[in-house]
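Consider the single chain below, provided in structure tokens and representing the form predicted alone.
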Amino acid sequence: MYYQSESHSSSSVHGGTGAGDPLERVVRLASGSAVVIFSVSTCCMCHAVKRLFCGMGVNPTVYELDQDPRGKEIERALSRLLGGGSAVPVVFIGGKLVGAMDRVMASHISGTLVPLLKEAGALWL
């Protein structure tokens, strides 16, 4: 399984200032690639969603929040975006929030996931 994992020091992500709203950071990171997954490296559901995309031939950008010094802040911002509850995994496709694992799997089962991936440029078939 291969996916592009991103880990950043606070200076490279925040332009050296160390400041920045976590929600703005989520939006910026989510817009950076066709498929973005916010994950925790020890989370089994995160692993499952990464495997799903890799199995489909998609190369998601993965942000492992437990390896980011400000990961807890991002996790809280993601939880707010989702309306509470568990904050990972969270998937963005084409810069748009798809949601947590339940929403991704519902889209996959209903047949709407592949068209989203094609529209975002993550799949060409």
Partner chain sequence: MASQRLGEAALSESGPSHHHHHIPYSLPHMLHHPNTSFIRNQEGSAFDFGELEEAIVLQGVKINNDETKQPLYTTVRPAATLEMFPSWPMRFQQHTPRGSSKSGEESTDSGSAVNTLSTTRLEPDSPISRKTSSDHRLPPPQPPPQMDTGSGVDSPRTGGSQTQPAAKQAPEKTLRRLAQNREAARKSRLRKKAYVQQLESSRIRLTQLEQDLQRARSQGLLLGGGGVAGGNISSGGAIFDMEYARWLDDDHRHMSELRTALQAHLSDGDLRVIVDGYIAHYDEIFRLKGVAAKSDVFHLITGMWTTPAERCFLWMGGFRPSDLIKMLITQLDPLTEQQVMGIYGLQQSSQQAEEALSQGLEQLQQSLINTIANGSINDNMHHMAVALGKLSNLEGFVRQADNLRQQTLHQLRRILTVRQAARCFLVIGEYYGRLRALSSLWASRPRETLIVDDSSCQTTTTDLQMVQSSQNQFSNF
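Numbering follows the first chain given and starts at 1. Keep in mind that this is a model prediction, so the values were computed, not measured.
Heads up, the form predicted in complex with its partner chain isn't pictured, but that's what we're talking about next.
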So its partner chain isn't shown here. In the predicted complex, which residue out of L82, M56, V27, L97 has a non-hydrogen atom within 4.5 Å of it?
M56
Any non-hydrogen atom of D21 within 4.5 angstroms of its partner chain in the predicted complex:
no
Contact with its partner chain in the predicted complex for H47, defined as at least one heavy atom pair within 4.5 Å: yes or no?
yes
Quick one: is R76 in contact with its partner chain in the predicted complex, heavy atoms, 4.5 Å cut-off?
no
Even though the partner isn't displayed, in the predicted complex is R51 close enough to its partner chain, meaning a heavy atom within 4.5 Å?
yes
Check each residue of 86 to 103 against its partner chain in the predicted complex and list those with a heavy atom within 4.5 Å, in sequence order.
M101, D102
